[in-house]
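A single chain comes next, written as structure tokens; it is the form predicted alone.
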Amino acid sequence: MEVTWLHLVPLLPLIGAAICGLVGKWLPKGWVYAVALASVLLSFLIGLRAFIGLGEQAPLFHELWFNWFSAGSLRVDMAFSFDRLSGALTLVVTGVGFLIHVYSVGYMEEDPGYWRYFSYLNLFIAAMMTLVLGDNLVAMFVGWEGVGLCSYLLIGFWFTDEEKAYAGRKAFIVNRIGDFGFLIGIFILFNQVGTVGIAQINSAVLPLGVASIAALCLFIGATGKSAQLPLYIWLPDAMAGPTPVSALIHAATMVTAGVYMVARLSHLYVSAPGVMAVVAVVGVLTALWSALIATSQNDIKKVLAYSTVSQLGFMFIGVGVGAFFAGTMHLVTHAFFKACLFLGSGAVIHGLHGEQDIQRMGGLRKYLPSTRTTFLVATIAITGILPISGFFSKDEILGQALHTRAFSFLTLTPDGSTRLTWLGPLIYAVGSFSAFLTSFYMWRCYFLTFSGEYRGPESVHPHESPSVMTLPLWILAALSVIGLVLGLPQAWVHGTGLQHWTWEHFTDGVFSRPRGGAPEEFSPYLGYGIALIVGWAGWACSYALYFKRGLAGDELLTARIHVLRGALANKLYVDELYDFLVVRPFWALARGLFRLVDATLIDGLFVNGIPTLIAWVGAMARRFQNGDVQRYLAVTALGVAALLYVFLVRG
């Protein structure tokens, strides 16, 4: 492949977005579909051709598209790098993105704004590919902000509904909070290194303080984009957009950007071990927090949304303990089964004419056989009751956390007597409990949706989706199974044809190792056994409560833990807390500033006050300039008399 083709990967979807957005309203619907799908498919094929060319002798393609700008010593090129990490993410984003485009043809068929929808979808892919392929932090930031803009457009796609428009604004604002930290991190690194090139930053020797502050600021940006505590609140509300949008944002693209960024800058993060501990702790707390909330949600898309937040927490555990390959492996496998789950939920909603409440579903296995089967495969993958993709990638993260050396030299006391060696095992324990909760709430969602008898209104007749929607489901379900190859232990595949297909082998040399070094070789069998027990325990609890009981399982559970269930159903009142502590004070401050500064000072004094004063002075002056000659003579006489008095009498 000619290296000069690399810029076409983001450029083709960008051209598709321009065509669909500018003239799509007047084009035949089939043409809009063809442009939108072909642009993403061609990007995938170009990325695939480049990926095949990544042999042992050519681990990297680099392309300088054009010099964007130079300011002093800062030179920013729109340049792209295609290596094993960015190459794999290119295939995931464009491949899964193409399947979502295909699915959208059926899902958005009746929507009058289909042309606008496909324009936004293409623009999203273009921005994400700029983020993934960007050779420097500024180019990455362009894509970073681009996906933020597109998420606002797609989440609030049905903007005539105030609730959906609010969700789009919420996502945009919360992401901007995190992005401020990302910008500060870029400024710090440029000031220290003198460049924004990722390769140069990864090879620079940075002081501990500088590396820590820069890594922490960049991670703040990741908490916003990848929905980690405390900036995760936008992602559950992002369900307001069309379901394919949820699959695109929550599975393979935007929310994984933070994980990708940390892995891409692995050298920076291993230079700041304290920040790596922060990343791992935030990840495990996010995984636990969102998994707890997911256990009591009844909106099928909200269950999957909180599941996404939880799985992102697992990814940050991986990169936080120094197992960058494990975190990014879960990123890839998660893209397959979570996209399948979201698109499956969309097929359920489509078949029930808009119903999203799992309490009003049930028995859909008879009406939606393809959706049910693919949803089942993806549920098995995420819960880990069988050793397929999600089982291996999630267990690898937990196993690496248990045996990590990344925290072995971090201390809590100046004399070094209290070391953080216990942090890894604690993360493993909390992460394993979160995995149990994952199995519980996902099987609850499955049983209440597909098992038992139909509980919806008699006027609604469930039906299977058209083949244009079910075909992507089958492909994603197959990838959810085949993805197990990525996580197979090296000992199992050594000397076989699968050896070069495992993710650990494939990414060997891509990431930096933590300062404590890689953990010693450990037997995975005990960890696999515990992971299977955890997964099956979650299934068993959910089966006992919901398989035959249906909604009675929720009633039984609520009777035992009424207060906790109520709090979890209300998302632990986090939105209300944010509203009380952040939103209302800022609104009060904004109203106060408006009344004092805008209305009183600017409008009252400068805009209205000074012109009013000038008008009054002018009105008074006009009284002496009214054209009455006799008055002029009288005033003149009085003036002369006053002058004579001053100079003659007083003088």
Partner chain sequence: MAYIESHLLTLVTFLPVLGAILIALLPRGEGGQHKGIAFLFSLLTFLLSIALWTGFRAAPGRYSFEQKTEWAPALGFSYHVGLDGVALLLFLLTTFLGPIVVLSSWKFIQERVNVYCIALLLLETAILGTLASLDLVLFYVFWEAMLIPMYLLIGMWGSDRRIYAAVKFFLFTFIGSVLMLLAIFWLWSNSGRKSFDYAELLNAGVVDVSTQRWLFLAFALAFAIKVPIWPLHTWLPDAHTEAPAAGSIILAGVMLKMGTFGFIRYAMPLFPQAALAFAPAIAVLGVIGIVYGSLMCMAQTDLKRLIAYSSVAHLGFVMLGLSALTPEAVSGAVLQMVNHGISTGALFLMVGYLYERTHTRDLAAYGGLATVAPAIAATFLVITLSSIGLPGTNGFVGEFLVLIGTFTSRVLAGAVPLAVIGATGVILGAVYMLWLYQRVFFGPPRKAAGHGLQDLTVREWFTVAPLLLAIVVLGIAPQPLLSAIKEPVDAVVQRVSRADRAPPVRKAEAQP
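Keep in mind the model is a prediction, meaning the values are calculated, not measured. Numbering follows the first chain given and starts at 1.
There is also a form predicted in complex with its partner chain; it is not shown, and the following applies to it.
Using a 4.5 angstroms heavy atom cutoff to its partner chain in the predicted complex, none of F51, I349 and S467 count as contacting. When its partner chain is considered in the predicted complex, only one residue from L149, A540, V493, L471 comes within 4.5 Å through any heavy atom, namely L149. When its partner chain is considered in the predicted complex, only one residue from F433, W501, F180, F580 comes within 4.5 Å through any heavy atom, namely F180. With the partner omitted here, the stretch from 480-488, 71-79, 556-564, 369-377 that lies within 4.5 Å of its partner chain by heavy atoms in the predicted complex is 71-79. In the predicted complex, its partner chain stays beyond 4.5 Å of every heavy atom belonging to R419. Using a 4.5 angstroms threshold between heavy atoms, E145 counts as touching its partner chain in the predicted complex.
The closest non-hydrogen atom of L605 lies beyond 4.5 Å of its partner chain in the predicted complex.
Remark: L589 counts among the residues lining its partner chain in the predicted complex, judged by a heavy atom distance of 4.5 Å or less. Scanning 156-170 for heavy atoms within 4.5 Å of its partner chain in the predicted complex gives F159, T160, E162, A165, Y166, R169 in sequence order.
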